[in-house]
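What follows is a single chain, given as structure tokens, in the form predicted alone.
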């Protein structure tokens, strides 16, 4: 499918210059763009790549001299990445799923399938499931008993939706995600070594053999509207109440949400983030890659944690954190500066010791 530059600009609410009838059918980096590609050069540092490619049109930064760059047309994007979001949405054809139920899928007779839904091959849908209108479910997905999937959902290959899970509108679930597996909950008949260490902060009594007894998960998972779940992400069901994910929250690949966790609205949880059981995450929280959050603590609204941050205690709203354990960003920077000075400090101490020994 091809698009006129003028039509793309209108759909994006952006200005264009040059020949609005130039046609493009895809987007590309400037140096790799072909004749029918829209080159993405939303920053001046990408301009040199235009000469290496063959694009006739490009998305440029405001004020760019598009004619000097050898283009026939240009779209100007005041906020480049935001314009790219709209552009990629228009150019993404999505999975090729025909409306209706593929004959190689198994649907329980009690399941309700909304109008216009598309269900691919080898899908299994259990008893009492409700699938919203225009939902799209790709191959090898399983949806267990009593789950509810909202309208316009997109659930991709091999995802697993557990029993009684409730999902709002416009979910995007990437391949291999598991929503609603049992929580990791175990207890010992006697006080465990872990409990003892929590109480004493390191002191151990006589160590004895211990065995683990399973606590079953009676709750499920509730997910709001406009949520995205990355590939191979896992959201465990709650022990008694549901694990919850708020509206607009986005989970990257390999994110793990433990049992009973509450995640607020519009959060961004990047790759390999792990949130332990019963933690509460506020609204608009950003956890960069490999962040960890301890169990039973609260992370306030608008907290931002840099990559690899480990949060062991409650984090006040609006705080910017970094490090292991997490501290305020400015404190972490000072700590790192001090750490880099340690070799010089050690050398100075050694010199002082020599002087003292001689005196």
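These numbers come from a predicted model, not from an experiment. Positions refer to the first chain, counted from 1. So that the term is clear: the rigid core is the largest set of C-alpha atoms that superpose within 1.5 Å between two forms.
Just so you know, the form predicted together with a further copy of the same chain exists too; it's not on screen, but the next bit is about it.
- Residue contact check for residue 115: none of its heavy atoms lie within 4.5 Å of a further copy of the same chain in the model of the complex.
- a further copy of the same chain in the model of the complex is approached by residue 356, whose closest heavy atom lies within 4.5 angstroms of it.
- a further copy of the same chain in the model of the complex is approached by residue 40, whose closest heavy atom lies within 4.5 angstroms of it.
- By the criterion of a heavy atom within 4.5 Å, residue 109 is excluded from the residues contacting a further copy of the same chain in the model of the complex.
- With contact defined as any non-hydrogen atom lying within 4.5 angstroms of a further copy of the same chain in the model of the complex, the contacting residues in 67 to 93 are 79, 81, 82, 84, 85, 88, 89, 91, 92, 93, given in sequence order.
- Positional change of residue 351 between the shown form and the other one reaches 2 Å or more at the C-alpha, relative to the superposed core.
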